[in-house]
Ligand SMILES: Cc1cc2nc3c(=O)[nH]c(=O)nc-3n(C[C@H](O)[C@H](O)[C@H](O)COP(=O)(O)OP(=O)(O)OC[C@H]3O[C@@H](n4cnc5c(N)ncnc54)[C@H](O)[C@@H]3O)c2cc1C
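Before any questions on how it binds or moves, here is one chain, the form predicted on its own, in structure tokens.
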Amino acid sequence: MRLYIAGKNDTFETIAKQYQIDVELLRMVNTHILHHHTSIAGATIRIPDGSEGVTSGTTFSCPPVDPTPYLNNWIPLASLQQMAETEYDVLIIGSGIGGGAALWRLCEHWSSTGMKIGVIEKGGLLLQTHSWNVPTLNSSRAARLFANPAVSTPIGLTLPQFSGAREVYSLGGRTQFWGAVTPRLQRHEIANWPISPEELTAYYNIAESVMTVSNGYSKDSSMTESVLNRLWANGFTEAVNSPLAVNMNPTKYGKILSSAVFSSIDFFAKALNTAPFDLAVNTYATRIVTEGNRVIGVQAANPDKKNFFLRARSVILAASALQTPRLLLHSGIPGRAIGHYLTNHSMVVTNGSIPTASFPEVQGTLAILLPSTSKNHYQVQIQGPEPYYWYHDMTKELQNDGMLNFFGGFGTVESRFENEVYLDYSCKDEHGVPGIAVNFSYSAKDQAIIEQIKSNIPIIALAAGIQLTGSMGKPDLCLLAPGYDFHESGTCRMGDDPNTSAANRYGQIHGISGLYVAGNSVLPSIGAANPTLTAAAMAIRTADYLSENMSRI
């Protein structure tokens, strides 16, 4: 194949005539020139030689043609400079559960509309899927990868009152490592929410469907069934198989299901196969830009510290419950409640084992959840055995005692104004954005729930036939540092009163048209349940509202 530089008056027709080749063949081997009706002057034209055209009779050969434009990564990426040339209908900041869910839902609504969606993520590309799905990672390696400060930033080291906090700055955020336990909030836990339980139920149904949530992970496990029966017989009738966001369906009919455990990256994959959107990684949003009482875009910087203005009719801020209020406060967005009502779960854990000799085959996995009740404001999870709670190709050895993967309780924490995230102007990052500081403490009511968990975990262990493995036969109970649960929420909570909430019941910041928040930060309370499913459900609801009201922005 030869190369030819097109002249000023050249067209595909004149070049084909010059080299005596078929014009359609010429176009076929030059698919890098997308628009044949435009000027091709100066373009490099591939000229097939005679062996690449039609030879004689019905015998012919086709030249190999690369699909273009080439991809440089496993997901299409845009540069910040390219995004700065587009005005977006919606710009999403953050790619965790809130950003991913909102993106997927908007792409569903706008698959054939030409609406423009952009997403920016502070970090880069780490994993292509949830860590459990990576065959080279087992539970030990995955834990060591997550603990690496280059992977999960130990932001709590600078937050003495919230010292357990860690954040993952990469596509998918912490959902690349989360435990996939996805309970709904109990009805008594949402009594003071601005939306009805019935509406929340409808969005739970949507989120559970797209995230493939079920109780099937430990289905038919004799270990789980036996322990459940023990708990029920001893009065713990609320105990259930843990709901997990794990796709239990097999690969068949050509549909590859290699991503069993859900992460926000699955939202991106579903969105990508539904509607176009632009994604820029390693992009740091430094300021929300408003004009009057409406949002007009976002100031963002690339790794070279070059600043760009991204124009947008609406913005969904889904950074995290710590970073979302930071950006709002630095941008001068008004709101008495922004950054306040920081909520988490108190977290009491222990170590234990369970004798396996009494369990018939198939022993399987142990995955049990005891949800909170109107009397007990805590949730207990029992998971195991280690290292077989999840594993890849390895020999599963017989165990006389199965060590638990996790045994602990999450306690309800009151949503209080005085627990807050605020700007620390004495510590600015390289872009001039102030760092954050945290005021946080457990109330007397929170402490009482912690004591209740400490008292009841040994009782639950006895009922379940679990042997606690503390020294001298005593329970080895530990209250983990605030933030270590990774369930922080509430710092831009939704509500009807601007004095006690940052956003309205649809996630739109009070008084600022087109500016929304999504993710854990928007949740008014989280009871004792893992918040990821609820955050996804609320982000989908926000996307629905935004899509329905786009014409008003």
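Start at 1 and count along the sequence shown; that's the residue number. The shown structure was predicted, so the numbers you read here are calculated from the model rather than taken from an experiment.
Form predicted together with the named molecule: not shown, discussed below.
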Practice problem: Quick one: from Val295, Ile338, Val90, Ile93, grab the residue that has a heavy atom within 4.5 Å of the named molecule in the predicted complex. | Solution: Ile93
Quiz item: So which of Glu167, Asp266, Asp278, Glu189 reaches within 4.5 angstroms of the named molecule in the predicted complex, heavy atom to heavy atom?
Solution: Glu167
Quiz prompt | Per-stretch contact check against the named molecule in the predicted complex, the hit in 368-376, 93-101, 308-316, 459-467 (non-hydrogen atom, 4.5 angstroms) | solution = 93-101
Quiz prompt | Interface membership of Phe146, the named molecule in the predicted complex, 4.5 Å heavy atom rule | solution = yes
Quiz item: Do His487 and the named molecule share at least one heavy atom pair within 4.5 Å in the predicted complex?
Solution: yes
Exercise. Decide whether Gln323 counts as a contact residue for the named molecule in the predicted complex under a heavy atom distance cut-off of 4.5 Å.
Key: yes
Quiz prompt | Residue contact check: Thr491 to the named molecule in the predicted complex, 4.5 Å heavy atom | solution = no
Practice problem: Using the arrangement in the predicted complex, list in sequence order the residues of 413-443 with any heavy atom within 4.5 angstroms of the named molecule. | Solution: none
